[in-house]
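Next comes just one chain, in structure tokens: the form predicted alone.
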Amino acid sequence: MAGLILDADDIGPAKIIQVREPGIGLEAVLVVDNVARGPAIGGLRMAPDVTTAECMRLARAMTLKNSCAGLAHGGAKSVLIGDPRQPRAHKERLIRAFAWMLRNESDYIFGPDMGTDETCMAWVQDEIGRAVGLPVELGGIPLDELGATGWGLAQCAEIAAPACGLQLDGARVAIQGYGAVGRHAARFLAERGARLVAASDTRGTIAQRGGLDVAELTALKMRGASVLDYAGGERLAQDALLDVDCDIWIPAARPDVLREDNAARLRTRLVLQGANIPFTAGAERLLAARGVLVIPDFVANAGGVICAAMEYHGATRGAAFDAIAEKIRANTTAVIDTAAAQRILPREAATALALEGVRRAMKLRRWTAGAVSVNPNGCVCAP
């Protein structure tokens, strides 16, 4: 961590902590971006190729997301380097060790993310008593089982589609990353008459112009199979999802899947960002120039963190889903209207809305956010 140059601004990051325990192969990072609104909620992401830079970007996205959603929480993210499909016993050991090493970091509340789930949060809760997205047996609202993020994406779609001249009934949907977020988004949109015409996972893409059977595809994924095991449809390469002609395109996997070098391939009218930081800034500008409406990640996919925050404060499932609908519909409307009125990108409109809330909160705190790094030896160093 020594020599790290922080991409800091007046918002944060407030703290960066690298955790290493070579004896068990633990290497992880926590970035607390800003806590002016309250203790930060952010997911624990597990993947072999996660980096500190990615963690910083994701932590900022959480600051914006939580502010835009009106939550009394700041933004943070943690990443753990490793294969999420490794043997359960070793995965549990790594997550428990990471949580224990952060037991005194009360500014951070763990949540599930790519590569982690409710069981992982139960391990964290058992170690330090500070996690959301817990199993129902521990008083949690099961985000992945109920599909809180997918529910929010459907609410976003109901508001954004008319702005593109679309009707959801009959709209063609393509989903990049048919996992916990993607499958629920497909289900909720199918209930509104939309047709899933293509879906992808790490093995490839399945496409069918007349529409895929969402229930059948989901059942396959729940059994651990690939979308390519679907009976029927056309099997394509993983990145071929970019070339599928559709009305609504939903990225629900890794960061930066759409960049300046491949943005021209996307053939859609509306993008709902189900993943965090799925597009580069340049790609979003190129799409806007073509008239494609892109609803930013921290507006479109906020359903999960809204549900998590309400779980943390003891709300019921029904209250959480009502809050998701109310907040995401209002924010989507505000972003679309502001972007049109000011002739700016939807992301610029959304960012201004979120930062206004953060800065107002910062003025009420004894200290505003200051960028701090923590090296492996535990020395706190201000830049």
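For every residue, the number given is its place in the sequence shown, counted from 1. Since the model is a prediction, treat every value here as computed from it, not as a measurement.
We do not show the form predicted together with nicotinamide-adenine-dinucleotide, though everything after this point is about it.
Site residues I41, E105 and G111 are none of them in contact with nicotinamide-adenine-dinucleotide in the predicted bound form, judged by any heavy atom within 4.5 Å. Across the options 114-122, 208-216, 129-137, 190-198, residues that bring heavy atoms within 4.5 Å of nicotinamide-adenine-dinucleotide in the predicted bound form belong to 114-122.
nicotinamide-adenine-dinucleotide is not shown here, but in the predicted bound form it comes within 4.5 Å of a heavy atom of D144. Although the partner is absent from this view, Q238 contacts nicotinamide-adenine-dinucleotide in the predicted bound form, with a non-hydrogen atom inside 4.5 angstroms. The shortest heavy atom separation between Q155 and nicotinamide-adenine-dinucleotide in the predicted bound form exceeds 4.5 Å. At the 4.5 Å threshold, heavy atoms of A275 reach nicotinamide-adenine-dinucleotide in the predicted bound form.
This chain is drawn without nicotinamide-adenine-dinucleotide; in the predicted bound form, the residue among R60, R347, R37, R45 with a heavy atom within 4.5 Å of it is R45. Residue-level contacts in the predicted bound form: of R172, K221, R96, R269, one residue has a heavy atom within 4.5 Å of nicotinamide-adenine-dinucleotide, and it is K221.
In the predicted bound form, the residues of 154-178 lying within 4.5 Å of nicotinamide-adenine-dinucleotide by at least one heavy atom are, in order, Q176, G177, Y178.
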